Structures are given as structure tokens and as C-alpha cells.
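As C-alpha cells, the next two blocks hold two forms of the same chain, structure 1 and structure 2.
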Structure 1
Amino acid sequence: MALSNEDLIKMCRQMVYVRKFEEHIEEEFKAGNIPGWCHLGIGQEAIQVACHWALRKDDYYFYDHRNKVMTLIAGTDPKAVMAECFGKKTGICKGKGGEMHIADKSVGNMGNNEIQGANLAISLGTAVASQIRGTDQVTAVFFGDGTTGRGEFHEGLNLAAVWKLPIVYCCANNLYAISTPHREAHAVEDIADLARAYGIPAEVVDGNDAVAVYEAMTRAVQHVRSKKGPYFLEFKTYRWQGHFVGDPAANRPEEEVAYWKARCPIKRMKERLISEGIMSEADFERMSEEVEQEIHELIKYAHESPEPSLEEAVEDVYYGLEVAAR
């Protein structure tokens, strides 16, 4: 399905939205308003936004620490996501998960589990469920280059291939796992090559070009939805910042960071829209400001949201069995 001008504008807006969402989280975190850590995906917005355009509402999604904002595109109430980052009662996981554990069953977000690689095993299960039920639901699992070091990568891809499971593997190869360069930890330059060895069709995609991402994802989803088995996409991209807010990422060459910032996915989309006359610089500015306002509302909401009550700490441990509080 080709993207209309309207679609492109909406996509652009979504990219601006997730970027600003994270920029504000960063600000709040630095101001001490957000507990724990923050893993920002700034620089990877094309993947975060465009993939969802090829998916369906009833599909299953597994994100990771870098891509929690995808749930906004999937349709989760942004207030509930922001509040979760703040650990508030109004958070999508009532403040018990935090930014590392955001699930929203109602939109198909099955949780950004923070044991890297675990979702490569868990996602087999939703895919098996589709198969057993005979539906054409697709499972899309998002993970980074570093995560492909884990054993579950192999167990998962092998089983998905043998059982022809409806899974789209979306690997954001941003060249690093924390401080470790992909090349020094992995035998293959293109992870897609490894996927191919299992007989899984695989593509290497420019992960900073939203349209390219969308098109590749569309091919992948079409293949998978028609029950031909799994498909693998490797998006080449870059995270602009350290592993988490506060990490100086001192070991990355400045030129490398500069090179990738010049390839900003939002800038790219914006320039395209402007050059194709779909949007003006002023339109973009206006939209950005609108988004800025919306995010402000979310921050305000999160700030004003109540803390969970202490008894909630022992809720939802078991189904149907209470755990004693203090």
C-alpha cells in the first residue's frame, strides 16, 4: 500500500512526537523527576514509527528498552506511558514496571521485557498461538544488534523457521551494545546473513529512512501474514546518545556521531516532504509546536498523578491469591 501525502505527514508528526516525548523524558530525568534509568531511542524514530504502519491492530508486538515509545504509535494512551516513566499509579503498569517494563495488552504490546533476548523466545509463543488458532496475526519482535549475541536468538530463529511461525524479526543494528561495538562482539557484519542461514528471508534496510523502513516492513508482514514463515529485517541505524541518560558514551568517535546526526531520520523526512511540496518549513514548525504542547500536557499529567498506595505493592503477584502486606 503506497503512502499518501497525508500518511507521510502523519508519519513525520509521529516521529517528531516520539522524539519530543523522549527529549522531555530526558529533561525530567535530569531534573530528578524520573526515578531509575532512561534509555532513549533518539535517532531511531524511523524504525519506531514506520514499522507500525505495516502492522495490524490485532498483531502482537514485543519491544525492547530502546523502543518503548513504539507503544505510542501502537495506540497506548500517551498519558499512561509518561506516567509509567514517572512511576505513577496512573501509569500503564501502575508504576510497577517503569520505562523498562511497558506492556499494553489492549493494543498488542506484550511487554518490553528487560532481559535481553528473552523476547526472542517469548515471541515464539504468541506466534504459536496464532498458528493454533488459525488466525493470520503476525508477531513483530524488536531488538538490538547486541541482543543477537544471546542463545535465544538461535533457539528462536531455528524454531520459527522450522515451524514456519508468523514472526517478523526487526533488528535495530545501531552499531553498539552499551559500549561494545557490534564488530567486536559479532562474527557477522550483517546480522541478516545469519538469519538467512536458517532459510529465513532477510533484508538489510536503511533504518533512518522511514519510507524504506515502511516498504521493507510491508514486504515482511505480507510474507509472514500469508503463512510463509518468518522474515528478518536488519535496520542499520544509530542511537545518538549513550546507553542511558547520563552515560557519556565516551568511546564513540565524534565523527561517527556527527555522521549519523547528519542522517537524522526526522530531518530526512522533513526535507523530503518540503522538497516534494507536501509540507512547508512553516507547517513543520507549527506541527512541532503543537506536539510540544501535547507533550507538555503529558508531563503535567504525570507530575500531577498520584503515587500508588503501598498496598498495591503486593497486588497482582498471583492470580486469585493474596500476598500479605506489612
Structure 2
Amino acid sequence: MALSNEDLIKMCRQMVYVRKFEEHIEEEFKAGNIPGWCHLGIGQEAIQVACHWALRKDDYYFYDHRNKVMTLIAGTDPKAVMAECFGKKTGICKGKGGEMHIADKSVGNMGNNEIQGANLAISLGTAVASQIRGTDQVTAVFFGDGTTGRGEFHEGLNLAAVWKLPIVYCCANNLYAISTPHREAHAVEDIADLARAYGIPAEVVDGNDAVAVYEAMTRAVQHVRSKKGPYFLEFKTYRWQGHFVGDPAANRPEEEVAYWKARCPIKRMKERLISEGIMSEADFERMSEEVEQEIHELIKYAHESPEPSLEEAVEDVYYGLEVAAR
């Protein structure tokens, strides 16, 4: 389905939204207001937003550990996401997931696993369930290029291909697995070639072009919904910062970072809309200011939300079982 002008404006706004959300998360983390670690995906907004436009609310999502902004696009209450990042009781996971382990079954977000690559194995379960029930629900799995070096990647793709499971694999190839460059970890330039080796149709996509991402995801979803088996998308993109907030990313050449920042997905979308007369510079600035105010309201809500009680630490540990506190 072609995107209307209104769709393009909304998609642009969502990209600005997730960028600003993460920028403020970084500020709050550095101020000591967010516990644990902090992982950002700044520079990858086209993938984080546009993939969801080709999916339905009843599909299943398995995110990587930069999932906090992706679940916003899936439909999770932004207040609950921000509060979760702060570890507050009002968070979508009652403050137990933090900024990295956000799950929301009501929108199909099946959560993230600390073990990189585990989602490529676990996601087989929802895909098999859809197959058994005879529904046309799609399971979408998001991961980075570093994950493709793990056994779960190969085991998962092989089984999905053999059983013709309804899975769309979404690989954000941002050139680095923590600090290891892609060229030093893989003998192939395109990870899509690894998927093709298992008989899975695969595409290489400009991951900084939101419209290209949407169009490729639409093709992939149509293939999977028609029960033809899995589909693989490799999005070429770049994460502007290191693996986590505080990682200096000293091994990245300055000219490389500058090259990719010049290809910022938000900048490209903005220029496209302005050049096509869909939006003016003033429209974009006004929209950005509105988003900024919305994010400030979320932060205010998170700061004012209560901390979980000590007694709640033993709740929700095992399904259907109670754990005694000591």
C-alpha cells in the first residue's frame, strides 16, 4: 500500500519522536536518574519506525535490546515506557525490565532476552503457534549484524526455512558488533547472503531511507502472510554512538561517523517532504517543538511516579507460582 502525504508526515513525526525520546533518556541516564545500563539506537530511526507500518497490531515482535522506542511505535503507552526506563512502579513491566527489557504482550511485544541471538530461537515459538492455529499472523524479529555470528541465528533460520514459518527477519547492519567491525567478523559483505544459503528470500535495503524500509518490509510481510515461509531483510544503517552510553567508540574513524551523520534518516525524510511540497521548514520546526514538549511531559511523569516496593521484588518471578521473600 502506497504511503499518503499524511502517512509520510506521521512517519516523520514518529522518527523525530523516537530520536528525542532517546536523547532525553541519555540526559537522564547521565544525570543518574535511570538505573542500570543505557543503549541507544540514534541514527537507526528509519528502521525503528518504518518496519511497523507494514505490520499489524496482532503480529508478534521480538526486539533487540534497543527496544524501548520500537515498542512506542507498536502502541505501548509512552508514559509506561518512560516510567519503565526509570525503573518506576508505573512502568509497563512495573520497573523490573528497565530500559532494555521492555515487554508488552498487548501490542505483540514479546520482550527481549539478555542473551544476544536468543530471540532468533524463541521467536520460532510464536511462528509455530500461528502456523498451528492457521492464522496469518507474522512474527518479526529484530537484531544486529553481530548477532549473526551466533549459533541461534543459523539454527533459527534453518528451522524456519525447513518448516516454512511466518517470520520476517529484520537485521540492522550498523557495521559494528559492540566494537568489532563487520568486515573483521564476516567473510561476506552482505549478511543477506547468509539467509539465502538457507533458501530464504533476502533483500539488502538502505536502512536510512524510511520509505525504502517500509516498501521492503511490505514485500516481506506479503510473502510471509501468503504462507510462503520466512523472508530476510538486511538494513544497511549506522548507530551514531557506541554500544552503550559511556562507550567512547574510539575505534570509529571520525570521517566514518561524519559520513553517516550526513545521511541521517530524519534529515533525509525532512528534505524529501520539503522538496515534494508536503511540509515546510516551519512545519517541521513546529512539529519538533510539539514533540519536545510531549517528551518533557513523559519525563515529568516518570520522575513523579513511585518506586516499586521491596515486597514487589518477589512478584512476577514465575508464572503461576509465588516466591517467598526473605
Partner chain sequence: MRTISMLEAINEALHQEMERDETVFVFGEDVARQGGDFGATRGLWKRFGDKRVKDTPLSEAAIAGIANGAAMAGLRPVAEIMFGDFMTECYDQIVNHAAKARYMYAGQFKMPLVIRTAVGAGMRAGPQHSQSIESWFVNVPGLFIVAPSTPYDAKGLLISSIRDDNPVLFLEHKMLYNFKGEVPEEPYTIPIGKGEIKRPGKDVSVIAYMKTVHQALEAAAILDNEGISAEVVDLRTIIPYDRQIILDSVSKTKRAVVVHEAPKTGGFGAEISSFIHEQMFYDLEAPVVRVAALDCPVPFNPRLEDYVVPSTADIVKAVKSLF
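For clarity, a rigid core is taken as the largest C-alpha set superposing within 1.5 Å between two forms. Numbers given to residues start at 1 and step along the sequence of structure 1. Since this is a predicted model, take the numbers as computed values, not measurements.
- Of the two forms shown, the form predicted on its own is structure 2.
- With the core held fixed between structure 1 and structure 2, R66 has its Cα displaced by at least 2 Å.
- Taking the core as reference, the Cα of Y319 moves 3.0 angstrom between structure 1 and structure 2.
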